[in-house]
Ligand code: HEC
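Given as structure tokens, the chain that follows is alone and in the form predicted alone.
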């Protein structure tokens, strides 16, 4: 309830003074307005919250019935449904918020002190399993469901361990990179030999700016893809095209740009085990060990799911911070010197037409906005080290969508960790940069040749986003 009161207070504040600030909580609100071009990360959806709820604040235009539905969706997003709410029998999370705490990235248990002995209890990560040829195992499907309701047995448990390699920058400063390794234990059906298995682990994404990401101007992305060819740097991004519901879409969501919507229905089905109109069967349906939960009916309505869709679409994006700090200004120059902007495109636009949610609600406030996500949302070859050995949609195993950087500098504040990349192997921005290879190699090498002060400044810039 305290968190909800903060939301309501903040919404009231932003309606009255979007660019002028009152005497609010000094830990959560920027002390003074900054230049408009530096502040408006998501146009009219920009918020000025820099506290624990920075990712979980409604955009200033969310008022009236829209605000009521926003909070209804927020409650559904955070609610631990329990078995009476349809959760299970197999699931990966108790609620959306269990993995996306404060609409951010809950730290997975494989990165806690107990990780060496495997994941115990709730894990907060998605474990994808496939055969070496890319097909699924009949008894498991695509996602390993490691959580179950009382009396049932999980499909399996992930065990993770890490190797570490020490390296040095050109100036002699040392750093290290941590590589995760995985195995599955406690299979509940046929045990699968390691040589037949590909394990692909993903930690949660930040839900910052999801409404704007789904509303991106696809013509602009097509132009970017046509122009994103820099042979002198080995960079050539390409658009993700996906087929869903007998139509072709431009993918912008997910690590592989393999989603064209917020996947609310899929999330309730696969992640929570909650049946709905689009996915009316339990996730264990068709598996040989199906345990008799196939006829419980629809457990969440389309209207309720649209409220979750609305909540995610209407979240504000935190404004940039410390833009006048000399180190941040120098770091921005270094960001361009390292050619990071060739993929992490600073400025994009949303379509002119209003986005339509899954049950027909329109959001005209998101249309026609200039935004600063620091991503081109294209697929890029990121090299052998980040190859997950699985083709996803139109993305090859070594290709990844450019991660939007807006809000990334607040992840420590919101979620108390700085794990980055799809599986969280990078413990901070520095390691994330040094994992870049393939089309990202040029930025890694240019960053690596900078002085320590220049590297620190570039990271200060990333923390300002």
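Numbering follows the first chain given and starts at 1. The structure displayed is predicted, hence computed values, not measured ones.
There is another form of the same protein, the form predicted in complex with this ligand; it is not shown, and what comes next is about it.
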TODO: Determine which one of 125-133, 177-185, 361-369, 162-170 lies within 4.5 Å of this ligand in the model of the complex, judging by heavy atom distances; exactly one does.
DONE: 125-133
TODO: Just give me the single entry in 215, 99, 310, 395 that has a non-hydrogen atom within 4.5 angstroms of this ligand in the model of the complex.
DONE: 99
Task: Heavy atom within 4.5 Å of this ligand in the model of the complex - the one residue of 357, 239, 382, 314 that qualifies - done: 382
Task: Proximity of residue 403 to this ligand in the model of the complex, heavy atoms at 4.5 Å - done: yes
Task: this ligand contact in the model of the complex: residue 69, any heavy atom under 4.5 Å - done: no
- [ ] Mark residue 460 yes when one of its heavy atoms lies within 4.5 Å of a heavy atom of this ligand in the model of the complex, and no otherwise.
- [x] no
Task: Any non-hydrogen atom of residue 93 within 4.5 angstroms of this ligand in the model of the complex - done: yes
Task: Residues from 198-214 in contact with this ligand (non-hydrogen atom within 4.5 Å) in the model of the complex - done: 202, 203, 204, 205, 206, 207, 210
